[in-house]
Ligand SMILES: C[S@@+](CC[C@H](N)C(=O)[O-])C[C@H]1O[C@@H](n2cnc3c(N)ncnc32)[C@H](O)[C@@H]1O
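Presented below, as structure tokens, is a lone chain in the form predicted alone.
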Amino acid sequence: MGFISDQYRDSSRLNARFRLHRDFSTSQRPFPRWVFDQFDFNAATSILDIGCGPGYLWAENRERVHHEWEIVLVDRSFGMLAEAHKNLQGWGLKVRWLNSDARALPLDERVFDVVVANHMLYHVEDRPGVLGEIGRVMKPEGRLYAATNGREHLREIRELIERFQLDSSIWAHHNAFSLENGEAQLRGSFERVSCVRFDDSLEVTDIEPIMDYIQSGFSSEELAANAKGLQDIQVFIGRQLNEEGVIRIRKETGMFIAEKPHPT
């Protein structure tokens, strides 16, 4: 099993990361709500969400989801799709569930008004191929909403991992599609690319959420191999909290909005 498949076979690791942001973000607007604020949909909008995970984006905006929207939720992890189905069941929505790789979507051309890629493009190895698939299934002048992070995102956590020489693969994809380089990658397939940024940070007052976050990036084998370093980090964080009462962590997150050109 590959690293990404192992990380996202279900939502257990993702939940640890989600909880840190949910419980300790300084923004008064939770990120899933902010994402929805950027959307410009009408009642007849057809939507494709690639890498939907357990459906957090929709579940956190339940009262804002229009019952006339036609939504297709895609994830290559069957476990994630099963959890999304559970989280959204009983809503009476027009939803289809698709267990598929984004590189070869079993969908017709020019079907969707909108494609959502929420923090998933930096995991993709063949981004030009995936962006080509997104463009293929979008209607002319359709929009892509692609959320991602910047280079400074969670810098303090990354510095801890480096300082205590932990061997984690989770950061290997960190800069593959970022706020700094994402626009250049999108302009190969889209036009009128813009970027909006989410103003936020973390103020953490407990050891456990940080440790849960860090450990979520390790496989079972990696956890065993890095046990001593993880213990050292826990002691270090505990000492810092005793001295300062809070650990402040940078966040750098935002979204690209890109439009598919109309054929001439």
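Numbering starts at 1 and runs along the sequence shown. Note that the coordinates shown come from a computational prediction; the quantities given were computed from them, not determined experimentally.
Not pictured, yet referred to below: the form predicted in complex with this ligand.
Per the 4.5 Å heavy atom criterion, this ligand in the predicted complex is contacted by stretch 122-130, the sole one of 122-130, 186-194, 137-145, 153-161. Of the candidates Pro209, Gly51, Gly217, Gly229, Gly51 is the one whose heavy atoms come within 4.5 Å of this ligand in the predicted complex; the others do not. Contact with this ligand in the predicted complex, judged by any heavy atom within 4.5 Å, is made by just one of Trp34, Tyr56, Trp69, Phe39: Tyr56. For Leu14, a non-hydrogen atom is located within 4.5 Å of this ligand in the predicted complex, even though that partner is not displayed. Using a 4.5 Å cutoff between non-hydrogen atoms, Ala102 counts as a contact of this ligand in the predicted complex.
Put simply, Ser77 is close to this ligand in the predicted complex: some heavy atom of it is within 4.5 Å. Contact annotation for Asn118: at least one heavy atom lies within 4.5 Å of this ligand in the predicted complex.
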